[in-house]
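We begin with a single chain expressed as structure tokens, specifically the form predicted alone.
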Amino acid sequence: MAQFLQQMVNGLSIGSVYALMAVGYSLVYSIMNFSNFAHGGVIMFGAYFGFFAMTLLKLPFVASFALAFVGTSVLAVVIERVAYKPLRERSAPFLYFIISAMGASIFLENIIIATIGPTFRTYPDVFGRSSISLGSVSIGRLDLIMFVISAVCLTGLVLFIDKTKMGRAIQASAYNMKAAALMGVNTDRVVMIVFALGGLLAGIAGVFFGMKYTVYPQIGNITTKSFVAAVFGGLGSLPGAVLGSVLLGIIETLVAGYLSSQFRDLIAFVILIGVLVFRPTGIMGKTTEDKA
């Protein structure tokens, strides 16, 4: 029982980071109806922003953390303006958006390799290696901070979407962008805000993932897991993205703990195939027309 509870705690910790990534996917998908594969590159830049802010600029953790998510928020908006806006203005097919997203992802990864190099880097030990014991369950300080900050950010996003004027504009655009534009919603601004929010969450996830593991140019590949989580929960559904991420994190840790860590990545793709075959809309997704 103690081992099971420990695995659940570990799963919630990593699942909360998956949720930050998956929500960024779902936000863009809900507005533009395509999967933004450049999201992984933004997460990778967030990890590097935070690392160099702490090591080169010698900034404290809070300042480095803020610099990282502000930087990735700006980067996400720049990617949208350069790679996607010209396609939107020409009403290009969704396949073009996917090709552009893949090109942006490859560009971001390779510009880091060409300028900084492929060397693995490790964050300074900010929170120490000590853990908090609750009976037979141990919670690492970093894991606890990851979970709390992720929960606060996701709660703030839900409140923003539900309670603000811009949030209602995002909901209207997600339902029907053309109708929202006819009703006076500035859909171009909505798209920019959505990418900024997705980039902000990506920066937070990148810093946490870099602190828990290491920083390297291919760190953005972890977004494959968040994509699986978003599909699992239901693409386009923010609560679904969070639920799918938490469930995926828990399932992965249970598989690694009770079977083998070698099956940890395999189970994610088994889940993806199972969802696509038996419930393409995911747990909380709604039936829609086919989207890329």
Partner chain sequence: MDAYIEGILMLSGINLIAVLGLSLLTGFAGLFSFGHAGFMAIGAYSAAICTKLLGLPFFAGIAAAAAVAAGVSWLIGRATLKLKGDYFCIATLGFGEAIRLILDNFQGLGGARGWPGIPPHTTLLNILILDVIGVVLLANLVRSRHGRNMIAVREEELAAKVAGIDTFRYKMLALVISAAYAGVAGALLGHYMTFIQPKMFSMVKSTELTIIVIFGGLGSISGSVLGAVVLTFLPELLRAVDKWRLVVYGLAVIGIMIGRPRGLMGGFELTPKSIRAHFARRREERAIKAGQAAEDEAFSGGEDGKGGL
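Numbering follows the first chain given and starts at 1. Note that the structure is a prediction, hence the values are computed from the model and not measured.
The next section is about a form of this same protein that is not shown, the form predicted in complex with the partner chain.
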Is every one of A104, D265 and V277 in contact with the partner chain in the model of the complex, taking contact as a heavy atom within 4.5 Å?
yes
Just one of T253, S237, S64, S35 has a heavy atom within 4.5 angstroms of the partner chain in the model of the complex, so which one?
S35
May I ask you to choose, among N221, S131, N186, T214, the residue with a heavy atom within 4.5 Å of the partner chain in the model of the complex?
N221
So if I measure heavy atom distances to the partner chain in the model of the complex, which of the stretches 68 to 76, 134 to 142, 190 to 198, 85 to 93 falls within 4.5 Å?
85 to 93
Does I111 reach the partner chain in the model of the complex, with heavy atoms at most 4.5 Å apart?
yes
Look up in the model of the complex whether I99 has a non-hydrogen atom within 4.5 angstroms of the partner chain, and give yes or no.
yes
Residue contact check: F49 to the partner chain in the model of the complex, 4.5 Å heavy atom
no
In the model of the complex, does V231 come within 4.5 Å of the partner chain, counting heavy atoms only?
yes
